[in-house]
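A single chain, nothing else alongside it, follows as structure tokens in the form predicted on its own.
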Amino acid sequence: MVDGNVIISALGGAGLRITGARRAVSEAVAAHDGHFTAEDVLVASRRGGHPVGRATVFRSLETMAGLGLIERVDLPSGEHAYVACQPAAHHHHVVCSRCGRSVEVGDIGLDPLLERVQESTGYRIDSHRLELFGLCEECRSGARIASA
């Protein structure tokens, strides 16, 4: 989970006005412990008494992704979702397929593999994204109830 104030500060630091709608979306994003969809954010914002429009949610999520506050993940189901991130160096996510909880993973030793890919293909790798899916320890033990 990321702190809602971190999101608000980052938006303000990027020169954006902190409107009621942006604050509501930020709070909804911060409240999720795991992956969430734009629809989840819309519902949570409205449930919190903030009449946020669908387009505002999508624009806000796009802005947050551009600032590195959230990342889009492509779930095994084909659905697109987001996970909140601590703004930091390049990282990857491990996402629980059952409950949606995610964990950030830093350097996992991909550099040698990326070098081999470059050498074998002739491409220069500019960026990459790795999403790993599985069952978290709590879901494997049956301690966590599915929420996703």
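Just count from 1 along the sequence shown to find any residue number. Just so it is clear, the structure is predicted and the values come from calculations on it, not from any experiment.
Unshown form predicted in complex with another copy of the chain; subsequent notes refer to it.
Participant: Just one of V105, A31, V43, L67 has a heavy atom within 4.5 Å of another copy of the chain in the predicted bound form. Which one?
Facilitator: The option sitting close enough to the partner is V105.
Participant: Considering A81, A84, V57, C96, which brings a non-hydrogen atom within 4.5 Å of another copy of the chain in the predicted bound form?
Facilitator: If I apply the 4.5 Å criterion carefully, the residue I get is C96.
Participant: Can you tell me if R101 lies within 4.5 angstroms of another copy of the chain in the predicted bound form, counting non-hydrogen atoms only?
Facilitator: R101: contacts another copy of the chain in the predicted bound form.
Participant: According to a 4.5 angstroms non-hydrogen atom cut-off, is L135 in contact with another copy of the chain in the predicted bound form?
Facilitator: Yes - in the predicted bound form, heavy atoms of L135 and another copy of the chain come within 4.5 Å of each other.
Participant: Would I125 show up as a contact with another copy of the chain in the predicted bound form if we use heavy atoms at 4.5 Å?
Facilitator: I125: yes, in contact with another copy of the chain in the predicted bound form.
Participant: Is it the case that R116, even though its partner is missing from this view, gets within 4.5 Å of another copy of the chain in the predicted bound form, heavy atoms only?
Facilitator: Yes, R116 sits close enough to another copy of the chain in the predicted bound form that at least one of its heavy atoms falls within 4.5 Å.
Participant: When another copy of the chain is placed as it is in the predicted bound form, which of 23 to 31, 59 to 67, 107 to 115, 45 to 53 ends up with heavy atoms within 4.5 Å of it?
Facilitator: Within 4.5 Å of the partner lies stretch 107 to 115.
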